[in-house]
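Take a look at this single chain, the form predicted alone, given in structure tokens.
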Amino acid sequence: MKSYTEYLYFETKKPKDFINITHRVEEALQKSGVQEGLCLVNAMHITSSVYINDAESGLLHDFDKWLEKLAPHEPIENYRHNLTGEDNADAHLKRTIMGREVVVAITQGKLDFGPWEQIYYAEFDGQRRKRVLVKIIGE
């Protein structure tokens, strides 16, 4: 069995952002040489997320608005976590809602997606360098 590891790095210009990383994961898969196996994509920070969904701008807008309703950034004093001097409690909650990682099957050297599925990196407390792990195993 082969194993391949690559790290993707992000430093967003905005505090919140949604970035389609499908192409970068596909590039890692090609480098790995794996034809049949699994690909794990994992956000390595507790205020960012990796998830799979449609690459449609209206949906990205809807995610942003929905998450802000569920865990609004302000007023920051509503969160006990922010009493420590932080102001990112909402980012931790948003990450929990959207998830930490995804696993995609690899079939005949390609990510085996359903229709319209894409991999996204979601940033909820950006403007600093963060990383995503891509771990590929298989034959």
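Just so it is clear, the model here is predicted, and its values are computed rather than measured. Residues carry their position along the shown sequence, with the first being 1.
Beyond what is shown, the protein has a form predicted in complex with a further copy of the same chain; the following relates to that form.
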> Do residue 104 and a further copy of the same chain come within 4.5 Å of each other in the model of the complex, heavy atoms counted?
Replying inline: yes
> Would residue 8 count as touching a further copy of the same chain in the model of the complex under a 4.5 Å heavy atom rule?
Replying inline: no
>> Just checking whether residue 73 would be counted as a contact of a further copy of the same chain in the model of the complex - the rule being heavy atoms within 4.5 angstroms.
In response: no
> Does residue 28 reach a further copy of the same chain in the model of the complex if we count a contact as any heavy atom within 4.5 Å?
Replying inline: no
>> Can you list, in sequence order, the residues from 118-139 that come within 4.5 Å of a further copy of the same chain in the model of the complex, counting heavy atoms only?
In response: 131, 133, 135, 137, 138, 139
